[in-house]
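Taking the form predicted on its own, here's one chain by itself in structure tokens.
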């Protein structure tokens, strides 16, 4: 039996009944990781010596998990999938790693990401492309590519990622699994390598909404080492999953979800995606949700992606200024500080990352700050204000999680089309406002998984999980693992 294809709940029951041991689970996980590594490239590091040595009674005690390689792990290589950090071994654990260790979970590997978590494809990590377990010709999405693939492959029942624009929820959609990021600050980011600090969230991949609730209960809480972290409100999210949702109100954005909005950009894939979405809406209504269509100014929606790029690149340029080749990371060569830094960054960063840093530096130049960075921040505020205004009437925003099925590797996108600009990037709303947001598998288009996303009010993680749990119950894709994987 393949135990790691199961949910956390199911594995816990088997462990408690002594039908399987933690050692057997760890061995299965490591064996699978090696079996699939050449084919899918999920891992930077596989911890062959991983062991269980905890006697507690938590829900995840003895269960193996995978961790995105931008979380600090004491004594374990942590590269952020960048050449400049290819030999970096931290001296401390991230807070989430400490909490998982205390809960008895067993780290079995560090996963590949888009370099420094900048990207949405899973193709820019220094160890190569992460492939989609549903179709190896396609991306799994990024930046949390390896974590998404490891859950979709059944290597682990859960994996941690990070989400700055959609980097957990979009790969979850492409991989046919659940992807959740809680409210900004609900979980400490201490030890997570910063990309864009005002947008970064801890997030995770699971096979069910209930498993996401378990992890949120374990990982949430105030951390004095992270000034943005929130006090623990003592809510037990798992306990609220069964709460009645009858009369809860959801909205979707007309300009994004109606086929008429795309004019000559439509194709059969887009039609099928939006048909799937509207089928989900009908199931929500049958559950007792009130679901309504809302219109938002198209100019504001078109500004989502460029505003995100301005803010994220500017913050990334500042956050990564310490990657000099002097303090740590790939040693630079030269006769003075400037030469050492130039050499380290030339050899250490890919062309993709260099372009992001150039863009961020341009945005932050004194003569450009008001026109670019501050205007982008104003747009962000306008979008968040609009969503918060709608949240006074509605309990959540429900949308398709992506603009289509997982794209073929190296395929080209029209980044000026409404389909890409809006449908492909609206998940950033969850990061702009720090809202809890979860993607759920909702079906298949052309044999590949598609997904819906539910975003709730800030701080209402429990209600968001409760509504997602009810929707999951009628969709029929809980516990999914990629079909065709041996």
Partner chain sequence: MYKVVIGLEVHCELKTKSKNFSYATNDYSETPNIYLDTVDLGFPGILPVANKEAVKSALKIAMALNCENPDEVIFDRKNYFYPDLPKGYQITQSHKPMGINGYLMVNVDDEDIKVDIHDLHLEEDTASLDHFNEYSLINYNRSGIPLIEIVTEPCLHSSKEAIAFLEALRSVILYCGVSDARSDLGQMRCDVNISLMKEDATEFGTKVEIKNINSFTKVKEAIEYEIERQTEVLNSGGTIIMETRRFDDEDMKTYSMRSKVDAVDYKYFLEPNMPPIKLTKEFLDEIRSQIPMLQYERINLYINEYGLSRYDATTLVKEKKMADYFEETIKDGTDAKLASNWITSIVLGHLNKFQVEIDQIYLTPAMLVSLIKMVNDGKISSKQAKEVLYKVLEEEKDPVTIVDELGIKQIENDEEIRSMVVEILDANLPLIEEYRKGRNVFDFFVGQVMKRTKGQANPTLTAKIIKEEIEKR
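Numbering follows the first chain given and starts at 1. All values derive from a computational prediction rather than experimental measurement.
In what follows, reference is made to the form predicted together with its partner chain, a form of this protein that is not presented.
The contact with its partner chain in the model of the complex, taken as any heavy atom within 4.5 Å, belongs to 225 out of 371, 225, 347, 415. Among the residues 251, 88, 262, 391, the one placing a heavy atom within 4.5 Å of its partner chain in the model of the complex is 88. Look at 151-159, 254-262, 105-113, 311-319: in the model of the complex, residues with non-hydrogen atoms within 4.5 angstroms of its partner chain sit in 311-319.
Within this chain, residue 97 is remote from the site of its partner chain in the model of the complex, having no heavy atom within 4.5 Å. Contact between residue 366 and its partner chain in the model of the complex is found at the 4.5 Å heavy atom cutoff. Residue contact with its partner chain in the model of the complex: residue 191 places a heavy atom within 4.5 Å of it.
Its partner chain is not drawn, but in the model of the complex it has a heavy atom within 4.5 Å of residue 92. Taken together, 44, 50 and 127 are entirely out of contact with its partner chain in the model of the complex: none brings a heavy atom within 4.5 Å.
In sequence order, 322, 323, 324, 326, 327, 328, 337, 341, 345 are the residues of 322-349 having a heavy atom within 4.5 Å of its partner chain in the model of the complex; the partner itself is omitted from this view.
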